[in-house]
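Encoded as structure tokens, the following chain is the form predicted on its own, with no partner shown.
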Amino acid sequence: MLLPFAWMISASFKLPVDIWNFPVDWIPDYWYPDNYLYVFNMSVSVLRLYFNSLKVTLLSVLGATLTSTLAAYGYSRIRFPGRDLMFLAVIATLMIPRQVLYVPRFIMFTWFDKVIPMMDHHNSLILPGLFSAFGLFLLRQFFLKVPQELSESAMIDGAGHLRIWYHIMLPLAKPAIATFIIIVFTHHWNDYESPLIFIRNPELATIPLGLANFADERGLQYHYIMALSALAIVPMFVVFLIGQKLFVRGLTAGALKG
């Protein structure tokens, strides 16, 4: 699993002629950090691409976490007519391929663009990411494992649903929330199709789109592409290393019953 990452980092410090040597020179005889300097001097700064990706990803993660935890609490703790049917309808949307939604989404964003900026704007990437059917399913399953007596005791003490959600459910659901954040962060950080369709201004490009644009403009110069790719995966490694223990606990939380 780690072999491709090792090859990427090794290739990012080589000249093009040395990349395809076989057997592979995992530790180059000569290191060329100028590959990274060249990437930082692109027409669109790497820092600009980082800022755009972080803006879109963090806002999407925060919004999706907020809406998913609230909705999961409602579907797991509040009884109302049609609750189970509505939950099934939401979960059924997971079976729809993302590519099917791009055309209707493009038409809708064209309509909305008359009211708020959507086309060629980060809003077109952030707003759809504020809601997650997967997050609703994952967190609802976790909330169902929390004893109902905790909520009932809090209600007897005068706590409302929002206080129960914030002070009881969220602290107990940290492993599931961490798992959801890592998955959603990775998805939005690596998303290429949405920026490709809705973003035209190179200054608004995210890391994946900027990487593709760089390859189109400069050709397949793999030493530079590997350098930019190595920079692109740093945030994902950081996020995973911070939350890896909670991530594993969240994935295994629903594996056993009883």
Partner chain sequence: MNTSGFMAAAVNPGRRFSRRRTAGQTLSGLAFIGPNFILMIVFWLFPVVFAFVLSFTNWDLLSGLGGIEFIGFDNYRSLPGDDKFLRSLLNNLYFTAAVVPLTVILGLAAAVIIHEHVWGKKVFRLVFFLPYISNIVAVSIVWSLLYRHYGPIANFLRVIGIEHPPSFLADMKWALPAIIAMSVWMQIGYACLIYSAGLQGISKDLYEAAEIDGINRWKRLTLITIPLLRPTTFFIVITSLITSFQVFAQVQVMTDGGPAGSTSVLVFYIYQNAFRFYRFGYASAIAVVLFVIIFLITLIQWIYQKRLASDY
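This one's a predicted model, so the numbers in the text were calculated from it and none came from an experiment. By rigid core we mean the largest C-alpha set that fits within 1.5 Å across both forms. Positions refer to the first chain, counted from 1.
What comes next is about the form predicted together with the partner chain, which does not appear here.
Contact check for residue 86: a heavy atom falls within 4.5 Å of the partner chain in the predicted bound form.
Mapping the unseen interface onto this chain, residue 168 falls outside it, with no heavy atom inside 4.5 Å of the partner chain in the predicted bound form. Though the partner is left out of this view, residue 27 does not reach within 4.5 Å of the partner chain in the predicted bound form, counting heavy atoms only.
For residue 193, a non-hydrogen atom is located within 4.5 Å of the partner chain in the predicted bound form, even though that partner is not displayed. Scanning 146 to 168 for heavy atoms within 4.5 Å of the partner chain in the predicted bound form gives 148, 152, 155, 161, 162, 165 in sequence order. Once you line up the core between the shown form and the other one, the Cα of residue 205 stays within less than 2 Å of where it was.
After superposing the rigid core, the Cα of residue 227 is displaced by 2 Å or more between the shown form and the other one.
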